[in-house]
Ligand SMILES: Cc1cc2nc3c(=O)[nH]c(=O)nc-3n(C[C@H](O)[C@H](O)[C@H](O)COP(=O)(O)OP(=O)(O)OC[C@H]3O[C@@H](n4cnc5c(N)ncnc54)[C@H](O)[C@@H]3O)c2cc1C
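Have a look below at one chain only, the form predicted on its own, in structure tokens format.
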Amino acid sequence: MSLEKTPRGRVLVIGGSLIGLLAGNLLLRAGWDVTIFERIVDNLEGRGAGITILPGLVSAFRAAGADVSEQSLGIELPARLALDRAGRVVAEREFAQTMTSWGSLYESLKHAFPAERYRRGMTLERVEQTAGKAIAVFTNGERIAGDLLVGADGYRSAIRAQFLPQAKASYAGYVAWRCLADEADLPGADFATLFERYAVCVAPGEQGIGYPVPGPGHSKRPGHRQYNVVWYHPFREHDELPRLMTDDSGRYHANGIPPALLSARVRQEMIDRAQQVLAPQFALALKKGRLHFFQPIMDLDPPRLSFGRVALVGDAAFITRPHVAMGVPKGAGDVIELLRALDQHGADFTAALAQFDNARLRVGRAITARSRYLGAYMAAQLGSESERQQAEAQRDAEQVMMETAAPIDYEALAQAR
């Protein structure tokens, strides 16, 4: 895509994280006059953890102007392995894949986007629409009109809440506990192996995922990398989950607790619990981890993605479980389809957004269905004893190892559904 001299129209992108930046860069390079509005004042680079590079992701970033490749972004791993509760390897297979960090992707996109078009500290209050404009109304009193508004404001999207108030995310019965640990803090032969593999832990009633990502300064040198851990663990929604989202001062964060406010007591409880239920390698990484946070696993299939001159992309559209590792690739696909529809229909925004809506609803539903399938074992852990036993009997370590975060052509899968 090349920049055009005369803008095709003005686009307001709400949300300046990965998908918002991807949308802003792609639209700008396609000739649109783009401004990104981000509510957080501070730099977002320190947020997030590990990301699996799936097919199409690097090409989308390159189209957005980021000077990246799989080799420059991440750490190439030649194989996968599965560990049991005792830390023994119970399955292993060659499976080439590249892992990166959220910060590496964010920095590449942020560098490509003009700083003067990125506005921080802009909290959206609501969206208004006229016959030909979408108007973003911000809490500071500013009203900014555009020809198109792209909602990239994440899984707690204020835009989705306004246009689809009936669409509520449902809790799946477990959380993803995450951390990054420095390679220097994880010595020994076990971790020498794990830093060369994508690993899953298939302990009873639990599931863990671990892999190396670039370290501070995006270093990929041995000894300077980080180990990314994701641990799926069941919690009851009403009597356990609220405790996790209450900080040390007693304040309850209903919409998710920021990592910096995570209770020291909760953090220690999880470290102690990991020693009891996970492979020792995973438990040690969690103990040594320096960036602990968690996310309740949620599902949301919206009935539509466009509203007049407003389009939802990324987690503002579908909320899918992270087992498929499709959060960023799906968001990239949303933006690319939006651009394709705009290119085909020109100034006919109604036709363009109808095409976008139809195409991405099919793909989003295919992804969420797959993510529920992969998360069924963890969802069963809060069920009856017979449901847990059945889930355990059907679990296969090699299958879990090979299906988690595996590349799938969801476009083709959507067409087949």
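Just count from 1 along the sequence shown to find any residue number. Remember, it's a predicted structure, so these values are computed and weren't measured experimentally.
Only in words, not in the display: the form predicted together with the named molecule, which the text now covers.
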| query | finding |
| --- | --- |
| Phe163, Phe191, Trp102, Phe235 - the one with a heavy atom within 4.5 Å of the named molecule in the model of the complex | Trp102 |
| Ala176, Ala172, Ala181, Val127 - the one with a heavy atom within 4.5 Å of the named molecule in the model of the complex | Ala176 |
| Within 4.5 Å of the named molecule in the model of the complex, all of Val68, Leu305 and Ile336 (non-hydrogen atom) | no |
| Listed range touching the named molecule, judged in the model of the complex by heavy atoms within 4.5 Å, from 151 to 159, 339 to 347, 263 to 271, 82 to 90 | 151 to 159 |
| Residue contact check: Ala391 to the named molecule in the model of the complex, 4.5 Å heavy atom | no |
| 4.5 Å heavy atom contact, Val11 to the named molecule in the model of the complex | no |
| Contact test in the model of the complex: Thr123 vs the named molecule, heavy atoms, 4.5 Å | yes |
| Partner proximity in the model of the complex: Gly314 to the named molecule, non-hydrogen atom cutoff 4.5 Å | yes |
| Contacts with the named molecule in the model of the complex - residues in 325 to 340 whose heavy atoms fall within 4.5 Å | Ala325, Met326, Gly327, Val328, Pro329 |
